[in-house]
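Let's start with one chain on its own, the form predicted alone, as structure tokens.
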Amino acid sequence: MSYIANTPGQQAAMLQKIGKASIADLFESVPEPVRLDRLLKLPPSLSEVELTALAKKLAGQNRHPGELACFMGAGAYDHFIPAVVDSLASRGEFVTAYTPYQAEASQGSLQVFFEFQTLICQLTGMEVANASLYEAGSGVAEAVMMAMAATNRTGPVLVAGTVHPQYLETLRTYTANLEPEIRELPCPAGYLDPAHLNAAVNDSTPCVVVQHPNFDGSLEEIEELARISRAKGALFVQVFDPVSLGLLKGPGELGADIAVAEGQGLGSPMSFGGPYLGLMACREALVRKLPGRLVGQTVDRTGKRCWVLALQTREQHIRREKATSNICTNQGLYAIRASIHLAALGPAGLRETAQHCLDKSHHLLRLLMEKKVGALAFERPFFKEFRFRLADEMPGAALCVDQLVGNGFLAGVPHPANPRDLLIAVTESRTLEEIEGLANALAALKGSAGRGA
């Protein structure tokens, strides 16, 4: 353990204090078969100069939206971030806050979290929102466990097959040792058929989870799905895109009991996959099952308005095994960024942003269709992202993406269900020149299908 700065004498004193003869004795509870009996396979040590040069070389292999026109999506989107977001969120008071507990929480942090909750309620049309979760995947799992606790039902949890596969994988991990089965409902037409859900849901179903817009970017028959779920007493969980709510009805209006989203598109960069921001809101009747932090407004002993962490009894740091959820913190800095972003845009700005996404994505689809590059995988309405099936004379989706990096494009995300399908997202950040450039670049690959899958 040469990386530990304690001297041999200090180590001996500590071992004597705890009654151990050697450092190896600290690991005696670890079974022999799983102990590593060799040195780690690490490269030779480097000087600081050499290590810095190596790190720069490795970082230089990354490609990002700052240098390429990004049409990638699948849960992370290159939305424009107004300068005011970085300017305000980079203040030291915000950057250095580390999600403290009640006794240490500053009034400034609590106030901005309260405002964040208010903004999320206004955005979604829901009655209560928490002070954020980690990201959408764990948010879906938290929503399902919240529904199980609220309904006391142990039947299968029904999840539309069009929910983001990583969210579904996270949900299965969270619930691996819990009683309810996670049942994925097939969606062969690219959306969950209400008739299929009606046949599957019953009086033992704790909840139904549907994403709208879904993983393919398509819109679901969401109001009918919510009605069917609630008619059987199951809670309806909607996974939503916050930017889409500039044009689409909010989860509260659509009949959701719990709403969950990835908030990365609200003022946070893609950051090579994280950290991100989980949004969660629910009906007021479910507030005592809501996981995470909830900031409330009250008055102090002098009658001045102030803010406190409220309804904390379900959190791990107080109730432990009795808690609805083990989460006991939140994505404070990213919640602040989302608050600044939403406040700066306002309702009109969010609507304009969403309209740009809608118009530009449909413009790209029209160009691709005109150039006979392929067609929609499913004839469904979409918002800013669509699942595009490449024509037979085109290379496979992965090869198209690889080849177009050299043309200056991150062309999309190969769909995990079909090697010929490409998920293409178009945000307000993409210019008409970039959109037309991608269409031309893809069209130039026609006839090269024999060069790769």
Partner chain sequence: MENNQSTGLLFEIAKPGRRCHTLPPSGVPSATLDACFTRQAPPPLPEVAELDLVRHFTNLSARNMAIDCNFYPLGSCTMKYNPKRHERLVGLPGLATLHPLQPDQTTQGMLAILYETQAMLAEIAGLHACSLQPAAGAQGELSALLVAAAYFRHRGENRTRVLVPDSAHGTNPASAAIAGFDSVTIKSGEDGLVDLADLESKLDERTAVFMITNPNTLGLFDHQILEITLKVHDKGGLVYLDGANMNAILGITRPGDFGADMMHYNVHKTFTGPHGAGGPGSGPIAVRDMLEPFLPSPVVTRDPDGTFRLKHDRPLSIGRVRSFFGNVGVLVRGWLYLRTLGPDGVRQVSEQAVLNANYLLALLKDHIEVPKGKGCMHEFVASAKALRREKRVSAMDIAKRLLDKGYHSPTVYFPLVVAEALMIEPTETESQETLDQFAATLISVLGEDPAVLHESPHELSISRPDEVAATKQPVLRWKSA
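Positions refer to the first chain, counted from 1. Here the rigid core means the biggest group of C-alpha atoms that line up within 1.5 Å when the two forms are laid on top of each other. On a predicted model such as this, the values are computed, not experimentally measured, just so you know.
One more form of this protein, predicted together with its partner chain, exists but is not displayed; see below.
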(message) Can you pick out, from 73, 267, 206, 292, the residue that has a heavy atom within 4.5 Å of its partner chain in the predicted complex?
(response) 73
(request) Could you tell me which one of 189, 231, 199, 84 places a heavy atom within 4.5 Å of its partner chain in the predicted complex? (result) 84
(request) Can you check 155-163, 330-338, 181-189, 232-240 and let me know which stretch has heavy atoms within 4.5 Å of its partner chain in the predicted complex? (result) 330-338
(request) Give a yes or no on whether each residue among 51, 288 and 325 has a heavy atom within 4.5 Å of its partner chain in the predicted complex. (result) yes
(request) Check whether residue 365 has any heavy atom within 4.5 Å of a heavy atom of its partner chain in the predicted complex, and answer yes or no. (result) no
(message) I'd like to check something about residue 15: if you look in the predicted complex, is any of its heavy atoms closer than or equal to 4.5 Å to a heavy atom of its partner chain?
(response) yes
(message) Using a 4.5 angstroms cut-off on non-hydrogen atoms, would residue 402 count as touching its partner chain in the predicted complex?
(response) yes
(message) Does any part of residue 69 reach within 4.5 Å of its partner chain in the predicted complex? Heavy atoms only, please.
(response) no
(request) Pull the contact list for 110-124: residues with a heavy atom within 4.5 Å of its partner chain in the predicted complex, in sequence order. (result) 111, 112, 113, 114, 115, 117, 118, 119, 121, 122, 123
(message) On a rigid core superposition, would residue 66 pass a 2 Å threshold for CA movement between the shown form and the other one?
(response) no
(request) Note yes or no: does the Cα of residue 443 move by 2 Å or more between the shown form and the other one after the core is superposed? (result) no
(message) Aligned on the rigid core, do the two forms place the Cα of residue 431 2 Å or more apart, comparing between the shown form and the other one?
(response) no
(request) Could you tell me whether residue 28 and residue 177 have their C-alpha atoms closer or farther apart in the predicted complex than in the shown form, knowing the shift is 3 angstroms or more? (result) farther
